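Just the one chain here, the form predicted on its own, laid out as structure tokens.
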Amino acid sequence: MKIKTVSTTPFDDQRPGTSGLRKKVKVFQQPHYLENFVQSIFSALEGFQGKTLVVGGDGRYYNREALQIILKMAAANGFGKVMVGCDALLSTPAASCVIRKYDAFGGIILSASHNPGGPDADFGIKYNAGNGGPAPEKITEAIYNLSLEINEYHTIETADIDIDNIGEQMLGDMCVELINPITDYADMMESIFDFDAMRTLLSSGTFSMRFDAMNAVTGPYAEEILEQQLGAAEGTVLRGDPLEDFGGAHPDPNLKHARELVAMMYGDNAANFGAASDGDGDRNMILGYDFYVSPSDSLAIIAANATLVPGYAQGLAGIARSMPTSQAVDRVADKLGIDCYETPTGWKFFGNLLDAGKITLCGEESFGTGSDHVREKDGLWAVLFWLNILAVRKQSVADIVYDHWRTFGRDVYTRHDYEGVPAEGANALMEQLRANTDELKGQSLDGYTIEHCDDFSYTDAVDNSLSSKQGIRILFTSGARIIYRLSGTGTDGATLRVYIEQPIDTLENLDREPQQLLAKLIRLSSTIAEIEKHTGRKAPDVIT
């Protein structure tokens, strides 16, 4: 095997966020750009010589070319084996499953999650550690620092290999094993859920469902599990073929971007149960007949009904939620007598708690839910969890949610996203809020009194590491919350997320829309932060 060392110069924009490095495709296609980052990953790691690496992605544009580059660099850097999803496809939760099942050293996932795909759209790459979860901050920081001083990378000169057929090939001295990306994941799902109960429900003749794969990576997984193994009707899975540009659509499972599915859940011929997943398969949206389940409520309901699922029949060790996620799951944890942890946004914060056995379930309001079965959020797992609950309880989605609210109370909740706003204005908005946290305390505004205001920081319950500046929290004496944070998932400008929440005691008018119930707080959230002044926007781009 002839190793080639290539001279290079650093790029200054390769700091990975909580979801890895995301840029436009054309940025990654620059000479040496991807190679620099991959070499920085390998240089930040120790002890991988002769070990196994897992590589795959969500099938978006540039995945296949990037995979060939990574394979040659892995061989040159001394990995003994790489396990690759056939056709370069491997959902993020399936990648975590494979890393854990085969005791791999780690994995590289090629995805920009729910961002659009195509030649002019987005691409992403991240490293997952041996626990199957996103690399901890000490590794991502090391990767970034190395990327600033890199002057060479290592590869081998050889032809591209066949990535479309299952089997083993040699790439220099390294074995490349092309695997079926679905098999291990489907086997794991069958070990967790009551497939017999779900088969009975789906064959009853009175129950129908729709799953929108959004032309993304989850399509083949859903077709195999839902239609082939569970017997759902042919055509249950919509947009099931993974496409490099996701069919020109935005693979984000929300009410705006899954309009076709939403339409199928209303009217005389609507399905009983609807769900969607995103680009790389780690997010989910849950719908019932004429009914939308917020991700925060979904997490709480899964927690409250966990013992109905065989894999969680023994109960939960604990629960965690990201700080912006509603407090609905807190009340479930309190009634169950287990701990509930509030963490920053980012799945790696859950990883420490999962590895330490402190929690079993975790979730974020951004359509991400998961458990200790892998170390990533898992969209199809969440859908199967709901299907298992429906099969056991034999109620509609809406009735299950209403029963939950009657038992635990309701947190009326919404998220307003201002996408692609100028970074300068978004940062100025956040800095102004930080500067005013002390001044805001005790103020009464439009009938709401501010009890506390801060910039959220988190001390890890396992390793005691500190994460600061995680979002501005405004907490009211009524229990209401308004939270502001900038998301790191986009590649155009900044995305300002505003989260508004109000616990309510009365359960009358259960079907009233959150935007109606939260109207005063929504206006207040805009006024306090002077959103229009800083962003130029009078209204959000996406409301969930």
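Just so we're clear, the structure is a prediction, and the values are computed from it rather than from any experiment. From 1 onward, residues are counted along the sequence shown.
Omitted from view is the form predicted in complex with a small molecule, to which the following refers.
Interface residue among W347, Y413, F123, Y221 relative to the small molecule in the model of the complex, by the heavy atom within 4.5 Å criterion: W347.
Between the options K72, R375, H114, R321, the residue in contact with the small molecule in the model of the complex by a heavy atom within 4.5 angstroms is H114.
Contact with the small molecule, judged by heavy atoms within 4.5 Å in the model of the complex, is confined among 49-57, 479-487, 63-71, 27-35 to 479-487. The small molecule is not drawn, but in the model of the complex it has no heavy atom within 4.5 Å of H534.
Within this chain, D212 is remote from the site of the small molecule in the model of the complex, having no heavy atom within 4.5 Å. In the model of the complex, the small molecule lies within 4.5 Å of some heavy atom of T18. Though the partner is left out of this view, K23 does not reach within 4.5 Å of the small molecule in the model of the complex, counting heavy atoms only.
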